[in-house]
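This document opens with one chain alone, in structure tokens, the form predicted alone.
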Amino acid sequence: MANKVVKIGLLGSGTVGNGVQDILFQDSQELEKKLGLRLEIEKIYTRSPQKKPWFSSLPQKFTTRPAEVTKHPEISIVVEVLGLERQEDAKNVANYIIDAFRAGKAVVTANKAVLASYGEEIHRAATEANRDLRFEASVAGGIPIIRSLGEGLLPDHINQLYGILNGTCNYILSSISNQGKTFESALQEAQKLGYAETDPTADIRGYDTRDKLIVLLQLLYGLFVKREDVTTEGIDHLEKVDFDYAQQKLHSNVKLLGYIRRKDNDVVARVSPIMMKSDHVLARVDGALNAILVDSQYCETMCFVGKGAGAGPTANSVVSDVVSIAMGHHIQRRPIGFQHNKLLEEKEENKYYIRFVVKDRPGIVSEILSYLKENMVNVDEVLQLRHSQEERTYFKKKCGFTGAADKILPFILTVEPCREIPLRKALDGIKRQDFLLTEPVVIKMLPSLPDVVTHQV
């Protein structure tokens, strides 16, 4: 008896879409042997079909009309891998997904930006249609983190999650930390190698990480938060000097993390650079890799590491979702009863690293300390390295300072655990002083971050 055929419609034929086509066209027989059913692409929507690799051999599969995918009577699974050239396109993509649900299709999407903006409407449409929504490829590319969190850890309670969720940022930070590059040269190298876009804003300012974090909030806690509700800092204010101090004085490293913390039914999410001990598992994840550290009630601490982007890993995640639906796995239900509470973050006390670049003169440190004391912030250490003429000249040029380079002084304060609000109030006063050449750089320090291994440096 012939195996069952599951017909698939594809929205998009870019890098990931072509990767999905490669798997399903080239490996169809091998997949059929493994699954006992046949996965067959019926239609592929793209605006320029003639330019696509598979068009010459399978022109009948392509269409320039999205409705021929979303409303095709024989298609049961719609795969959305359109990406976004502009944020304004997100609404149209969301509508394609919702149209597919209304036509009785299950949907697989790789689009974290669409889920971050229109997740509530999309999840509601899936529930109303009683159809599957899968989005493994939307977070951390080739790492099966969505299925692990949503299914493998379903009986557990996720208390904390820390993620290196953007390979571009991790490549840049690794290049600064390991090779002593400036931020600008590390970014240029990332662009040359294809890790960073021509316009890297969404990556280096943390927006891409934020969108992925919002998708995880939807998955883990049934929370649909707006982008502006997630405090987001990027990495474009960090410099080589920060990594010098982190390594030489604090035995630490800096990573851009998206993180989620839960206390009872309250949940908070944030994106920011975090300073952690150099032997921590996340501190040692280099290059363009992604990593997600999960701390839970029953399984305790675990870490997932792998490629977060690229045609192969991402397409594999998309096809794994298709397989899951085709094999009849159950619909994922969203949890209820949680609330996003930014006050959780405000109530926490943490240590902080603060970097100042000043026009050197007597009395600067005492003036800074007076503002901190006024706001009940206690200094832990004052740190200073010997800075080369090259480093001082770099800051002179970057700050537009007209004086002599040897009058520029970078130095660091670390403060004892305190709340962020009084620290920010103290810094607001310090920022008004004329000795500052740049705004102070503040990095949260988490020396006791949960870890999965004990590593001796």
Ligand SMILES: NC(=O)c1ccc[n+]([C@@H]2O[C@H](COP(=O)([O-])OP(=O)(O)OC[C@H]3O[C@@H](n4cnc5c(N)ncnc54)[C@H](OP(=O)(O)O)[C@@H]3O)[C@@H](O)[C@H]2O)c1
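Residues carry their position along the shown sequence, with the first being 1. Note that this is a predicted model, so its numbers are computed, not measured.
Although it is not shown, the form predicted together with the ligand is what the next lines describe.
Contact annotation for V16: at least one heavy atom lies within 4.5 Å of the ligand in the predicted bound form.
Contact annotation: Y45 falls within 4.5 Å of the ligand in the predicted bound form, judged by heavy atom distances. Residue contact with the ligand in the predicted bound form: T209 places no heavy atom within 4.5 Å of it. Heavy atoms of G308 reach within 4.5 Å of the ligand in the predicted bound form, making it an interface residue. Residues within 4.5 angstroms of the ligand in the predicted bound form, judged by any non-hydrogen atom, belong to 76 to 84 and to none of the other stretches in 76 to 84, 251 to 259, 183 to 191, 379 to 387. The contact with the ligand in the predicted bound form, taken as any heavy atom within 4.5 Å, belongs to K112 out of R134, H280, K112, K105. This chain is drawn without the ligand; in the predicted bound form, the residue among S174, S117, T314, S296 with a heavy atom within 4.5 Å of it is T314. Judged against the ligand in the predicted bound form with a 4.5 angstroms heavy atom cut-off, the residues G234, R270 and E348 are out of contact without exception.
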